[in-house]
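Encoded as structure tokens, the following chain is the form predicted alone, with no partner shown.
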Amino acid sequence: MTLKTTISHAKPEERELARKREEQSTLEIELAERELRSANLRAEMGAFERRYLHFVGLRYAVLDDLKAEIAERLAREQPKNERLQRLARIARAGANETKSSAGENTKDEPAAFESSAEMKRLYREVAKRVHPDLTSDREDRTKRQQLMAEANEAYERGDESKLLRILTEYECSPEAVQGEGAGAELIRVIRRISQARGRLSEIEAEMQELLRSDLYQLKSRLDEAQQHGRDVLKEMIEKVEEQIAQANRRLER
């Protein structure tokens, strides 16, 4: 007996369940692909931000510190000048904020984000099997949320073995065992479909927000300029370094 004949002789809820399972499978593949695109975008922006802070942000921190030192020296020379005292406090507060934003100085250049084909395949599999929006069970959802967070972190680090462990851990967990009965399973599948569609909408909104961010706009301008042979990041570094040199010369005078 063929599969088509078997389905035609199945009960109505079993036929509907088969159709819904096929729909769910299609949505899960799409969701995994969207999650991968979103994870790639977040990882690329994170890597770009670290590189920007390493090359430009830290230099701005040095520049603002020099400006604060100049303002403080002027304030010390005229201790009764309230305006200079106020400007010195403002300059120092700004320098501290820039330093905090730039983070600690490191000698190693941050690496750009790169993902292998195997990493992408593993992430898709994890997203298809583990994503929290693909279950209606509360306990299962909690476990999936934790595992998905770990998967995102592992993907950004390029940790293939961690992704594989996450996938294996969930596949062998009790939460992965499905219940019995076509009627109950049909309800679960319908809810999973609804949750997957909801998550697809959330991903789209999240990605649009990232694409509108100042950080992404800056990255896009630098990437576009690089395609035309300009190293805008290098130009920015040279500009800040010249300002640093001017501030040092002013302090020396």
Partner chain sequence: METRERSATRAIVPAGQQGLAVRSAALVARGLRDLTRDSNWIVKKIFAGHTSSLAISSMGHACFVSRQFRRAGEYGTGDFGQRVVLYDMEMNTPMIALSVPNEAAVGTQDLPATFAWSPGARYLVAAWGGWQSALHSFDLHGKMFLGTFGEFGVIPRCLVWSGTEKYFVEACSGGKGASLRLWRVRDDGMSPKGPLSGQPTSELSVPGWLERQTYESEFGEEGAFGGYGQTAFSPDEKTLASVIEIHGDWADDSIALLAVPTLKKQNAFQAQGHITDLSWTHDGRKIIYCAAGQAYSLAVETMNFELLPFGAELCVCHPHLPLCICYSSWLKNSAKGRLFLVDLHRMEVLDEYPAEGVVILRWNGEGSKAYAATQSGMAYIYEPTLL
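Because the structure is predicted, anything quoted here is derived from the model rather than measured. Positions refer to the first chain, counted from 1.
This protein has a second form, the form predicted together with the partner chain, left out of what is shown; the following refers to that one.
Q: Would you classify residue 217 as touching the partner chain in the model of the complex, given a 4.5 Å non-hydrogen atom cut-off?
A: Within the cut-off, so yes.
Q: Is it the case that residue 24, even though its partner is missing from this view, gets within 4.5 Å of the partner chain in the model of the complex, heavy atoms only?
A: Residue 24 lies outside the contact set for the partner chain.
Q: Would you check, heavy atoms only and a 4.5 Å threshold, whether residue 149 touches the partner chain in the model of the complex?
A: Residue 149: contacts the partner chain in the model of the complex.
Q: Spell out, yes or no, whether the shortest heavy atom distance between residue 74 and the partner chain in the model of the complex is within 4.5 Å.
A: So residue 74 counts as contacting the partner chain.
Q: Between the options 30, 224, 204, 49, which residue brings a heavy atom to within 4.5 Å of the partner chain in the model of the complex?
A: The residue from 30, 224, 204, 49 that makes the contact is 49.
Q: Are there residues in 134 to 151 with a heavy atom within 4.5 Å of the partner chain in the model of the complex, and which are they, in order?
A: 135, 136, 138, 141, 145, 148, 149, in sequence order.
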